[in-house]
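To begin, one chain is listed below as structure tokens, in the form predicted alone.
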């Protein structure tokens, strides 16, 4: 008969907490702290964005109207923003016509053809570096290259090219990510059926990446539409005259369709009014212009999410 071991006097029979239970408690605590911190950060961002939107919506109440959007600026009355709004849309289209094809082709090269070596590493480093350069530096570069050395003066084309330099890295990275998101099995199946690599890219990879590519295009467009510092030194700073939209002469310096004319955009116009404006309606015009600008940028971002989800559902049948 075996004797039962008795605990020494003064020692408790309660089990000691194991190291695993202590680690588990620490992990749970860290998870809760991180969750609270992330929720607090997200709520702060939402409150900040909502405050900005509400502020300009209230300030622009009674100012933004169809006549405000469709009439010319005036020094005696409230006037409108039609020429600068047109310039913003014109600059957006002109820039995207240059940046989107080049950006998508660059994304195809980086995702499908470029090997993983020092050259591609240098290209990605250059993309990140250009994206982090202050926009006013890019504007000064455009001033030196296009306005002074090329003797173009302040033109919409100079602004569009400078915006392309500034936003092309973003478009290229977004296109590369969208193309890399296509499953490798899709490429392998196409190649197994006898298609060449370029045929696979054109007919399989790019169509499947369209939702991501469209999202990248819209996000880049929102960034282009709200840019001001680059255009201060390239496309001009002034109050545009009345535009005659029946003048389709692309070489005319007063034609609204010409890329060889000054083109003050909405964001630049807001800066001009805040720094130089002395009219009685300056504050109302600034508030209304800012409300329109914020609304357009917000629509670009919401549109990117909506179009991306819609195309994803249609192409994946999910």
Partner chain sequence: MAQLTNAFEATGLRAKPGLMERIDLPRRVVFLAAASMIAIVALLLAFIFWQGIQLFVKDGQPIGAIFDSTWNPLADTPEFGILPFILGTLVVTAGALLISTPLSVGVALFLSEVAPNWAKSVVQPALEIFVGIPSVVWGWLGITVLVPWLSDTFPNKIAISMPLVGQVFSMPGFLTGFSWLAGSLVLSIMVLPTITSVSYDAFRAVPQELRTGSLALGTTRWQTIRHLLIPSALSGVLTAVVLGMTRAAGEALAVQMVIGNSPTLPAAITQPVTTLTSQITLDMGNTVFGEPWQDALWTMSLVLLIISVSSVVLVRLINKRRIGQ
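Because the structure is a prediction, the values reported are computed rather than measured. Positions refer to the first chain, counted from 1.
The same protein has a further form, the form predicted in complex with its partner chain, not shown here; the description that follows concerns it.
Looking at 69, 250, 43, 58, which has any heavy atom no more than 4.5 Å from its partner chain in the predicted bound form?
Here the answer is residue option 43.
Which listed residue (98, 78, 204, 229) meets the criterion of a heavy atom within 4.5 Å of its partner chain in the predicted bound form?
After the contact test, the surviving option is 229.
Is its partner chain in the predicted bound form near all of 39, 49 and 294, within 4.5 Å of a heavy atom of each?
Checking in the predicted bound form: 39, 49 and 294 are all within 4.5 Å of its partner chain.
Is there any non-hydrogen atom of residue 30 lying within 4.5 Å of its partner chain in the predicted bound form?
Residue-level check for residue 30: yes, a contact with its partner chain.
Taking its partner chain as it sits in the predicted bound form, is residue 267 near enough to touch it, meaning that at least one heavy atom pair lies within 4.5 angstroms?
Contact check for residue 267: yes, within 4.5 Å of its partner chain in the predicted bound form.
Would you please decide whether residue 286 lies within 4.5 angstroms of its partner chain in the predicted bound form, comparing each non-hydrogen atom pair?
Heavy-atom contact with its partner chain at 4.5 Å: present for residue 286.
Does any part of residue 90 reach within 4.5 Å of its partner chain in the predicted bound form? Heavy atoms only, please.
Heavy-atom contact with its partner chain at 4.5 Å: absent for residue 90.
Its partner chain in the predicted bound form - contacting residues of 147-171, heavy atom within 4.5 Å
In sequence order, 148, 149, 165, 168, 169 come within 4.5 Å of the partner.
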